[in-house]
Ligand SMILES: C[C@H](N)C(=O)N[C@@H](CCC(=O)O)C(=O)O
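Quick heads-up: it's one chain on its own, the form predicted alone, in structure tokens.
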């Protein structure tokens, strides 16, 4: 099975409600779709969101990186030589993580199709079911409480609450949500780099002293402030998770050695695809550190790949934040993984199982 062409398209899906964090507000998903074609007639699918405030990628950079750098290196390569193909993707251009991730996802999709097996089985197997949390966007307190109660009523047992806008209001937001859902749902906080280290310690101490029990707090400080992250980790009882701080396996090793966090958040759009995500999971397993699997604002094309990885690495990926499809007004993907509220399940279709994508607009 050799690569003969790589074509690009765009998919646009409105969100059910605006997605608001300390970094941005988004009303719709608009992502680049990658389709790798082969001499056997098989097609592999991948996806890349433009998340400039986190990965630095925008639509134009993703498209040009794939068209002008990655594609020429891959034409003619044999999918069966997976390690060579993924090394080629990773080494042909620096950074450009989302572009690499989209292409790698399509390659892994084809690799599993080659052997007529769902991707998770090619990655090691596992039980093909997961349960995800749901994101509660930062907003007025009453709105966040209402959104949290609605999520619980819909069957979500873990909520990821966005904070990081105003330290005083953030504390009141979390207290109100915790009081409303206590005993019905776990709460994870995500500050999206919105606090300083001292603010984070202050806020978490206030919440801990008030009896609020959080499952974790995600990226409370700026991505490059590793000393600040360690400062928080050393001074609070709540487990601290690194997200934007860690992209590569090397960064994960450094962070673990510093004991700067308790949990690592793996996202394919940060790692540049599945190959590095596997390395990070294995590193964390070696050091006995838990991982979460997360996503950007993505449709079920790329989130499906994260699901397959999480199932295969469930021994170390113990927390799941793959609610992208649940935030969408509709699922544009025919086939693939089934997203049913908090419940996610994989069928036995080869690869990612994607048959087609509704509303896909091909790029010239």
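Residue numbers count along the first chain shown, from 1. Keep in mind that this is a model prediction, so the values were computed, not measured.
The same protein also has a form predicted in complex with the ligand, omitted here; what follows describes it.
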field: Touches the ligand in the model of the complex: residue 297 (any heavy atom, 4.5 Å)
entry: yes
- prompt: With the partner left out of view, is residue 24 within 4.5 angstroms of the ligand in the model of the complex by any non-hydrogen atom?
  reply: yes
query: Counting only non-hydrogen atoms and a 4.5 angstroms cut-off, does residue 233 reach the ligand in the model of the complex?
result: no
- prompt: Is there a heavy atom of residue 54 no more than 4.5 Å from a heavy atom of the ligand in the model of the complex?
  reply: yes
message: Among the candidate stretches 62 to 70, 30 to 38, 317 to 325, 332 to 340, which one is within 4.5 Å of the ligand in the model of the complex when only heavy atoms are counted?
response: 317 to 325
message: Counting any non-hydrogen atom inside 4.5 Å, which residue from 86, 192, 113, 271 sits next to the ligand in the model of the complex?
response: 192
- prompt: Among the candidate residues 276, 265, 148, 238, which is the single one with a non-hydrogen atom no more than 4.5 Å from the ligand in the model of the complex?
  reply: 265
query: Is the ligand close enough to 47, 100 and 247 in the model of the complex that each of the three has a heavy atom within 4.5 Å of it?
result: no
- line: Taking the ligand in the model of the complex and a 4.5 Å non-hydrogen atom cutoff, the residues of 124 to 150 making contact are 135
